[in-house]
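Given next, in structure tokens, is a single chain: the form predicted on its own.
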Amino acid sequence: MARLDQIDKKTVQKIEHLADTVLKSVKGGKSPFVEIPIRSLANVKFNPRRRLIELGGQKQKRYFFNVSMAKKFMQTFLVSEACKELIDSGKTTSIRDLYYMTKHGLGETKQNTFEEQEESDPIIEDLEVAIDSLREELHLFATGRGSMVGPMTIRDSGDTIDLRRMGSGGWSVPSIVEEHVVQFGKSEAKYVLLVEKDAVWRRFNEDRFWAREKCVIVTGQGQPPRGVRRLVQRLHTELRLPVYVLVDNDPWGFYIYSVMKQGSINLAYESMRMAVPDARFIGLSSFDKGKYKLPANVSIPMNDQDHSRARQMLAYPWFQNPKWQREIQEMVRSGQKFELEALSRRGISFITEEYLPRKLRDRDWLE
């Protein structure tokens, strides 16, 4: 057995407490059950004081002696046992690996404990909310997706890494970025720039924008995965770095900003550790097409899904600010959307040499 740190000990205690609760029910002659907070839109609310999407207090009981619940009850404890084994051994594994670790036949039947990974992934999330522990604290990780460079050093699993010397690809952001894995060292960074697209991030890296502007540039290659969101949140809270989000001018880009700022419905139970309510939207704005003289032929017509999503956003509590209402209404009115790459029509390095420096100088962002 590996030597456990305080976080591991606490997580193991939570798993054991979950099992003890069921055993007490059995010994008391009662139907064993596990109580799990409901992860659905009906149990999610926006907290205006904290400016976060949060999980409500509704819970459901998952009984063993119930035909419709018995399999999920069993699956919950299969995953719990596997996670405890990982923690005890001091090892981590992927959520894909966990699926195979816990998949086996049920007695003489032709059924398996899990048929597809789509069954095991929600059980992991159930366990997270049931014992109030991050997936990363359960020693589970997803495929890493994200890159980062900047004027600072970090320690990753004991190795010192200079983010100034990471070449064209940058440091690959791991899935688990908690304090016991990643620590921040000496830093000259003044802010964090989260870029939606890998291709645009590479332009900023190649132009050494981070060295000129003294900033950390990060990409999650689309919607940032948990590791990237958690890392950005840590940079903001621990190093007091402002966070700027640079995304496409379309409903998906606005949604990426929204998730980074307020959290998401699916991960509402982790908003406090993932979201940055003070994150600033620095573009691409619906009004930039005129301000930066973008020709009409670089625009993309919005489709029905775009229009529907934009109108939904107009009703979001966190987009009720008049400036945000004006921003989204302009997108709907024009019926056009723009990718960040459209700025290259003004020059390959226009985005790094003129567009963003001007935005920062003029404080031209939305919050």
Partner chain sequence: MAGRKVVAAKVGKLGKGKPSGRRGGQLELVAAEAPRVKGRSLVARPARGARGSTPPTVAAPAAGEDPAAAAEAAPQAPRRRATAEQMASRQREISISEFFTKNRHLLGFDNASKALLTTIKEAVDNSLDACEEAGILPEITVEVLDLALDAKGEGEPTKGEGRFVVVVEDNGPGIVKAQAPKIFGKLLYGSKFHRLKQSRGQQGIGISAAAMYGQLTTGRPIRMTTRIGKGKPALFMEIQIDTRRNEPVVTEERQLPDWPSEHGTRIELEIVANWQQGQRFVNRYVEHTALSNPHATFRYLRPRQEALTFPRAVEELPREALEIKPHPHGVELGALMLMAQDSKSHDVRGFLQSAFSRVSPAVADEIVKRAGLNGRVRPRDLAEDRELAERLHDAIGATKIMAPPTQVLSPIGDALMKKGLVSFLNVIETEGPEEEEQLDLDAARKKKASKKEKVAKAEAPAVPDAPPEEGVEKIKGHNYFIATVTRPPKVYRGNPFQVEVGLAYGGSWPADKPIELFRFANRVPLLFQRGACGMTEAIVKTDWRNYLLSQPKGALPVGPMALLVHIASVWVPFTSEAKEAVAHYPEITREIQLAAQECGRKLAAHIRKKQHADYQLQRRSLFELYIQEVATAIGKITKKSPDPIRREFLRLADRVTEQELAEQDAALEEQSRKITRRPRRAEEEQE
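Numbering follows the first chain given and starts at 1. Because the structure is predicted, anything quoted here is derived from the model rather than measured.
Below, we turn to the form predicted in complex with the partner chain, even though it does not appear here.
Of the candidate stretches 294 to 302, 318 to 326, 51 to 59, 26 to 34, only 26 to 34 has residues whose heavy atoms lie within 4.5 Å of the partner chain in the predicted complex. In the predicted complex, the partner chain sits beyond 4.5 Å of every heavy atom of E188. In the predicted complex, the partner chain lies within 4.5 Å of some heavy atom of E81. Within 4.5 Å of some heavy atom of the partner chain in the predicted complex lies at least one heavy atom of M74. Remark: F65 counts among the residues lining the partner chain in the predicted complex, judged by a heavy atom distance of 4.5 Å or less. The partner is absent here, but in the predicted complex a heavy atom of H104, alone among H104, R165, K91, R240, sits within 4.5 Å of the partner chain. When the partner chain is considered in the predicted complex, only one residue from V332, L314, I38, A70 comes within 4.5 Å through any heavy atom, namely A70. Contact with the partner chain in the predicted complex, defined as a heavy atom within 4.5 Å, is made by none of S157, D159 and M272.
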